[in-house]
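Take a look at this one chain, the form predicted on its own, written out in structure tokens.
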């Protein structure tokens, strides 16, 4: 048998509440204020989503100097540093903050504990915009660790008041291992009441853990810059399942499916369902005859929109309300 027979769909997969909200903020701003709307950094890490919003009139920038005075500016779902917030206000932009509320929760915790004299160890990936935003909540006193080896090298100024925070899109297992190393070295370290890794990251990784042993190959729909999508692919590989991440159906290669009976399919939290459906069609064209959805947690969380984005009259979107 040379062709895939069955596709197993992970549940849940794809958009999370923070991504839904961020995209909605950009679309509403475009509908209400007209193009162009400026967005600092990719609103979410997905090529399809960014290109779709570009076509509707969003302009993505990294440097606030590229935004004309008086323009409408949106901060991406990953969050921004205090310095970026202050510069944006000083330049007089009309600002909407699309930072995921679960990232904001980490920022609030850091600010609160810093006032109590805490230093921080942050577990995350250097250079990721979410990490830059969290590190930038304070002028100093946050030490970034990327792995267990970093924990041995970190030198906080004091250890009486030390707290650990993490990026929201890490591997749950990696974060637990690094946190354990932090705890072993700094037994008095304060940990968050609820882990900082978000519900959607956890749920998608749990779904891959369930799916991986049942398939011969796992395809993850996600863009190369998407942290949570990369973690899904790594998790499957670690469990012994060959896994590829694709930005779109066009990246699928026929040879991957030779001699494969069952294909697993999931999508990162920033990847739209339309891409998943296109991947399904492509795998069907290679011979798959059935698609089966695994049972999993149903996500119902919705986050409120920022004030000032309610659309008037005919332009009103479903579920509008502030």
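Residue numbers count along the first chain shown, from 1. Not measured: the values here are computed from a predicted model.
A second form of this protein, the form predicted together with a small molecule, is not displayed here; the remarks below concern that form.
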Query raised in the report: With the partner left out of view, is residue 25 within 4.5 angstroms of the small molecule in the model of the complex by any non-hydrogen atom?
Result: no
Report task. Give a yes or no for residue 72: in the model of the complex, does one of its heavy atoms lie within 4.5 Å of a heavy atom belonging to the small molecule? Result -> no
Query raised in the report: Hey, in the model of the complex, is residue 179 touching the small molecule, heavy atoms inside 4.5 Å?
Result: no
Query - residue 225, heavy atom within 4.5 angstroms of the small molecule in the model of the complex - result: yes
Report summary line: Testing 141-149, 127-135, 213-221, 181-189 against the small molecule in the model of the complex with a 4.5 Å heavy atom criterion leaves exactly one stretch, namely 127-135
